[in-house]
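Starting off, we have a lone chain in the form predicted on its own, written out as structure tokens.
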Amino acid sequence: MVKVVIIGAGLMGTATSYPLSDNGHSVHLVGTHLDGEIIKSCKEKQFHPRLKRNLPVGVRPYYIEEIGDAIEGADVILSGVNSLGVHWIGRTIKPYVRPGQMIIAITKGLETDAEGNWRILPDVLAGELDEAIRPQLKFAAVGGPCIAGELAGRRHSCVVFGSRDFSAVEQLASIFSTPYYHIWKTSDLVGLEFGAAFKNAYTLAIGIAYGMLEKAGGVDEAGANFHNLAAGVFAQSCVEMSRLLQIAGSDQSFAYKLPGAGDLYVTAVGGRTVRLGKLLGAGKTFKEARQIMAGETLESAEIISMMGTALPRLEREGLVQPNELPILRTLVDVIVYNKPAQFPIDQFFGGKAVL
């Protein structure tokens, strides 16, 4: 048995406590400063109001003010915050981390600096910790398709654990793996994180395709939908993710496996990214759509904005040609420059369709 401390009592952070509890581990669930009502319910009723489930046996909830008690003696720290909270969680755990601990993140996203250089979020988190202790910690991340409610319902889920230290991946997989939580392992942490981040951007494109259906008047009297367009966008998105992974020097096949196509599919089933895409495809500008969705974290827009910063660098360095990545360029136009959504379909798959 090991002690795992989950920081972030949202849907996915809490859902991860179920396989851990089923494996007999000690699990402490620490809410952020935004999770007060969730933790109150968990403490008083052992019930998570957003997951709509009782906490697993043995999971102990803590307010953020109690983090010192919660994290003492932890073997594994799991970051369950969204991409906007990565710096915060690094600063928050900084006084408590100890040599030999493993830190694993379920957060999906990237950062770019002013010059457009990419940085994966485990490295962002590590950068907030004392430089002397970083080499004594093991950093890992989770990627792949996993809906929190299904994991908490103990439905079969397939994910990838990644770390530059493969021994850490093996150890973490043995801690988390259950008959319903299936874990593949990789030492290509950069590829895993890039795939997870790019998937968020390209899910927006699929949402846009279905928003265009609404703009065209919806499903017609004979039942014709826009599934054909959405499928073409999905396929081109996988092609573009593969190209971006190649540029990053990572495993291109991730684009067609769990971190890419798998996660793209499950995210396109629904949620706020698809909802934003539908608004954009139906004719709203990003500024208008953001007002409609005020208060919601729009991680897809964040990653697209960052890619808008990275694209000019990639072109300057000769890594990307002007005719490449038509969907990504469309997304940048929509999110960064507030342009109407319109796909250059005949540029998909390398150029004009052959008739």
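The first residue of the sequence shown is number 1, and the count goes up from there. No experiment lies behind these values; they were computed from the predicted model shown.
Note that the form predicted together with a further copy of the same chain isn't included here; everything after this is about it.
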Considering a further copy of the same chain in the predicted complex, find the one stretch among 83 to 91, 156 to 164, 119 to 127, 276 to 284 with heavy atoms no farther than 4.5 Å from it.
-> 156 to 164
Check each of P135, G73, G270, P95 and return the one that places a heavy atom within 4.5 angstroms of a further copy of the same chain in the predicted complex.
-> G270
Answer option from G191, G262, G211, G109, heavy atom within 4.5 Å of a further copy of the same chain in the predicted complex = G262
Taking 4.5 angstroms as the cut-off for heavy atoms, does L172 touch a further copy of the same chain in the predicted complex?
-> no
Consider F254 of the chain shown here, and say whether it contacts a further copy of the same chain in the predicted complex, taking contact as heavy atoms within 4.5 Å.
-> yes
Give a yes/no on whether Q101 approaches a further copy of the same chain to within 4.5 Å in the predicted complex, heavy atoms considered.
-> no
With heavy atoms only and a cut-off of 4.5 Å, decide whether K52 touches a further copy of the same chain in the predicted complex.
-> yes
For the stretch 220 to 254, return the residues whose heavy atoms include at least one within 4.5 Å of a further copy of the same chain in the predicted complex, in the order they occur.
-> D220, E221, A222, A224, N225, F226, H227, N228, L229, A230, A231, G232, F234, A235, C238, V239, S242, F254
One pair moves by 3 angstroms or more in the predicted complex: the C-alpha atoms of I183 and G271, which are closer
Check G270 against L151 at the C-alpha atoms and report closer or farther in the predicted complex, compared with the shown form; the change is 3 Å or more.
-> closer
